[in-house]
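This text opens with one protein chain seen in two forms, each one given by itself as C-alpha cells under the names structure 1 and structure 2.
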Structure 1
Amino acid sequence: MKIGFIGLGVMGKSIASNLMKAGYSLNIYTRTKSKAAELTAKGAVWMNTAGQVAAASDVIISMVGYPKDVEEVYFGENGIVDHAQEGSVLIDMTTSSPLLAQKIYEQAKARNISALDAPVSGGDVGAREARLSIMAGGDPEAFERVKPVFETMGKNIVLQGEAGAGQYTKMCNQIAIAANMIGVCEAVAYAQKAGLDPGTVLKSIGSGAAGSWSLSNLAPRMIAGDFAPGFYVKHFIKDMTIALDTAQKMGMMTPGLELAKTLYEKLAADGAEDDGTQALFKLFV
C-alpha cells in the first residue's frame, strides 16, 4: 500500500516518520520543499503537487494549516480530489471545518473515492510518540480499511460518526479547553495576587474537582514565565473561529467560547500569536 502524505509541519513530519517506520512507502508533497529533506533522505518520494501525490497513492493523508489550505490541496489546481484514483481513501487530519469535511466527502464520493476527516489531539509529543487521539468521521468501511494506518500514529482511535463528525468532535475538544484556559489563568493570577505560592496552591487543588490537563501541564509553565509553544495561540484562534461559526449555525449560545476567543485575539494583537496557549496568562497579571 502506497501512502501519500501532504503537509510536513511539526505534526505532519512526526506522523509521516512513524508511517515509514511501520514499513509504508510514502509519496510526499509540502509547500516548503526543504521540510521534506529529512524524509526523502529516508526514502520517501518527493512529488511536485498534491495531485501527483494523490494519483500515485492508495491512501492520501493531508495535515496542513488552515481551512483555506485544505481547500487548496483538495480542490485547487492540481488538487487531490481531481487526481486521486477510484477506490482510494482520502484522510484529512488537519483541524478544519466540519462543513468542508462534508464537502470533501461528497465530491470524493462522486468519483468513487472514500474520504475521512480525522483530526487529532495530543500535540507534537503525542505525534512523535505515536500516542495521538484520533477522532474520525466518514464511512465505517473506509475507517476499517485504514485503521492499521491510524494505529501507527495513535492509541485512542474512534469513529465518531458520518463525514464531519471527526471535526465536530475536535471542536468539542477545543471548546472544552477554551473556557478552562480562562479559569486556569484566573486561578493562578488570583493565587499570586493573594500572596500565595502558586506552586503550593497547585498541590492542594491540582488533583481534585478543579483538576484538569491544563492546570497540571500549563499552569506550571505560566508560573515559570515559560510561554513557548506547545500549541500556538494563532492555531487555537483558528480552531475557536471554526467552533464559533459552526455553533452559531447550530443556533447555540457559547459565551465561554466567545470570551476565550476575544481574550486570545487581544493576546495575539499584543504580539503573542506565536506563543503557546498558556501565554493567555499575560493578560491576567
Structure 2
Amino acid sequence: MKIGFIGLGVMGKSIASNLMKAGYSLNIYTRTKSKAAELTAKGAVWMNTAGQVAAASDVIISMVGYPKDVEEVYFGENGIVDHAQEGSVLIDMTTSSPLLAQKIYEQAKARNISALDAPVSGGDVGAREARLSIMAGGDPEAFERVKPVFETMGKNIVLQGEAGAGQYTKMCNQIAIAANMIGVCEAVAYAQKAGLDPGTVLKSIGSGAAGSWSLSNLAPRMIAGDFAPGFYVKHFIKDMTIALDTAQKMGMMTPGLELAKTLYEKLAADGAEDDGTQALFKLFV
C-alpha cells in the first residue's frame, strides 16, 4: 500500500514519520518544500502537487491548516478528488468543517473513491509518540480497510458515524478544551499569587477531580514559561470559530466557548498567534 501525505506541519510531520517507521511507502507534498527534507532523506518521494500525490497513492492523507486549505487541496487545480484513483481512500485529518467533510465524501463517492474525515487530538506529543485519539466519520468498510494505517498513529481509534461525524466529534473535543484551558490558567495563576509552588500544587490536583489532559501536559509548560506550539493559537481560534458556527446552526448556547474565543483572539492580537495554546496563561499573570 502506497500512502500519500499532504501537509507536514507540527503534527503532520510526526505522523508521516511514524507511517514510514511502520514500513509504508510515502509520497509527500507540502507547500513549503523545505519541511519535507527530513522525510525525503529517509526515502519518502517528493511530488510537486497534491494531485500528483493522489494519482500515485492508494491512501491519501491530508493534514493542512484551515478549511480553505482543505478546499484547495481537494478541489483546486491539481486537486485530490480529480486525480485520485478509483478505489483509493481519502483521509482528511485536518480539523475542518463537518459540511466540507460531507462535500468531500459525496464528490469522492461519485468517482468510486472512499473518503473519511478523521481529525485527531493529542497534540505534538501524541503525534510524536503515536498516541493520538482519532475520531472518524465515513463508511465502515473504508474505515476497516485503513484501520492498520490509523494504528500507526494512535491508540484510541473510533468510527463516530457517517461523513462529518469525525469533525463534529472534534468540535466536542475543542469545546471541552476551550473552557478547561481558562480554568487551568486561572488555577496556576492563583497558586502563584497565593505564594504556592505551582508544580507542587499540580501533584495534588492533577490526579483528582480537577485532572485533565491540559492540566497534566500544558500546565507544566505554563509554569516553565514554555509557549512553543504543540498546537497553534491561530489554529485553535479557527477550530472555535467552526464550533461556534455549527453550534449556532443547531440553536444551542455556548458561553464557555464564546469567552475562550474572545480571550484567545486578544492573545493573538497581542502577537501570540503562533504560540502554543498554553500561551493563554500570559493573560493571567
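Treat the numbers as computed from the prediction; the structure is a model and nothing was measured. Under this definition, the rigid core comprises the largest set of C-alpha atoms superposing within 1.5 Å between the forms. When a residue number appears, read it as a position in the sequence of structure 1, where counting begins at 1.
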Item to complete: Name the structure that is the form predicted together with a further copy of the same chain; the other one isn't.
Response: 1
Item to complete: Return the inter-part rotation between structures 1 and 2: the angle in whole degrees by which the smaller rigid part turns against the larger, from C-alpha superpositions.
Response: 10
Worksheet item: Core-aligned, what's the Cα displacement of E186 between structures 1 and 2 in Å?
Response: 3.4
